[in-house]
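Just the one chain here, laid out as structure tokens, in the form predicted alone.
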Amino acid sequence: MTRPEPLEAYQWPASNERLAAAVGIDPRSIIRFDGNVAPAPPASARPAAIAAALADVNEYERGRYEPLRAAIAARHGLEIDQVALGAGSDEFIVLVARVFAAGGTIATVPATSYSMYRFAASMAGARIVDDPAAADLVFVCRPNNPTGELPDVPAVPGQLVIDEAYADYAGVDALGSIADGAIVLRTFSKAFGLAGARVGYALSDSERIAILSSRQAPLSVSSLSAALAMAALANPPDVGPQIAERERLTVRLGELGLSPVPSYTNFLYIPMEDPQRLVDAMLPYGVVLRAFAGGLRISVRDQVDDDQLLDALATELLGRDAVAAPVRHRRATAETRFAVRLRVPGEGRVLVQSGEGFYDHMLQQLAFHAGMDLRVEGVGDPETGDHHAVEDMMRTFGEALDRALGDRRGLTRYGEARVPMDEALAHAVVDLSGRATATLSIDPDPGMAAHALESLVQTARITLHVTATGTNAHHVAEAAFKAVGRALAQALVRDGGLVRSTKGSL
């Protein structure tokens, strides 16, 4: 038997752990600007979305996910037999190369484009050619990766495949080309924020979809991933904020002497001669960028992450003083999922989004009056009420605060504050003791105020005494949270390098 020649493997970027070890930093501080994915999972990606699929995980899906394919077809104004599901659009890139160009020729538009096309050509024994008019198969990356441009769709004699992984950010698509025999590829990995679920799909006429489906492995998409995709389709993403952030980041990079080209995607491409030099320089700051021959690619995340990138670039390129990076912390359970970014001390820039409006507001008040920069984002299980979401939000914040305090060296340690709010009065005393002790009296309590503060105490490892009274439960709780914040502001003041304990540690 003739042994096949080995192919050059597709190169995945290194893990956070390996990158962090190379420069001696905490893997949790790594921010990936090299993956072109959403900055956070969608709110729909929670345990409840996959509960039914888990209950039947011992079974095969008999209908090839008909509800999901029907929902995708409806989203694009097509019929269900015009949709095929795959493990990311990458499965279809490899598949169409094998079906339409085995041993033949493949061209890409633009010529500098997604590396997966060349890998698929190798898998199919095909040859890459420069002229699309001379190719059996033509990939059009629209918008293009890595440059972000929006190429025209050419008229070619070979099979046309239009890869629209980033179409949501462009505001235009080439779905009209399906009527002329094109195959359009889409993915849930980018705008939908489900890169880890690995769900993509192909859209075309029913004849071509039947050809592709007949050559796929059975059920390459798992039932859990299909459930996540179905939940995401019920609440499609709003990419407007990320597009606005893309434009802001473009301007700010220009102020640093970097010139991104116009982008129709969720990333920016900056032409430069030696991009790897900047990639290497950014890694010690926990910032991971992607170098290509002739340019640097930067994923657009959100303002907090992007500002950390900008601060690191300003330090490296302009010699500005380094800005302390926020503590990044995540907590996920079967009931909730939360992500926290916390800087202590900060400037009172606070955003809390859990879906629990009143307690979001309470934590905002606490963090603002404590002088922190805090961003909390997450989801709970609204089917069971507010208990789990509020509790885990405060526990996650407490865990991040504990990490931010470190060994608590140099901190004043103690703080006290009284805060009135109309008829309500709250008194809070805090000790950054390293021991979790809560003595709380909030009367009347709107429901979860005392438990929320107790949850914070448990994971932040602090001692907290609060007394709050009045007649309006909202006023009483808000006065209590403000008082805790102001007491923390005192305790967090740095007054030297000592640990404020005769034991020498907290």
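Position 1 is the first residue in the sequence shown; the rest follow in order. Please read all numbers here as calculations on a predicted model, not as lab measurements.
What comes next is about the form predicted together with a small molecule, which is not displayed.
> Thr396: heavy atom within 4.5 Å of the small molecule in the predicted complex?
Judged by the heavy-atom cut-off of 4.5 Å, Thr396 is well away from the small molecule in the predicted complex.
> Do Tyr169 and the small molecule share at least one heavy atom pair within 4.5 Å in the predicted complex?
Answer no; every heavy atom of Tyr169 is more than 4.5 Å from the small molecule in the predicted complex.
> Does the 4.5 Å heavy atom contact test between Arg198 and the small molecule in the predicted complex come out positive?
Yes, contact at 4.5 Å.
> Examine Asp311 and determine whether its closest non-hydrogen atom to the small molecule in the predicted complex is within 4.5 angstroms.
Contact with the small molecule, no.
> Quick one: of Thr108, Thr187, Ser225, Ser354, which gets a non-hydrogen atom within 4.5 angstroms of the small molecule in the predicted complex?
Looking at Thr108, Thr187, Ser225, Ser354 one by one, just Thr187 meets the 4.5 Å heavy-atom criterion.
> Of the residues Ser263, Gln365, Gln82, Asn145, which one places a heavy atom within 4.5 Å of the small molecule in the predicted complex?
Contact with the small molecule in the predicted complex is made by Asn145 alone.
> Should the three residues Ile93, Tyr114 and Ala165 be counted as contacting the small molecule in the predicted complex, with contact defined as a heavy atom within 4.5 Å for each?
Yes, because Ile93, Tyr114 and Ala165 each have a heavy atom that approaches the small molecule to within 4.5 Å in the predicted complex.
> Given that the partner is absent here, state which listed stretch (425 to 433, 324 to 332, 368 to 376, 190 to 198) has heavy atoms within 4.5 Å of the small molecule in the predicted complex.
In short, 190 to 198.
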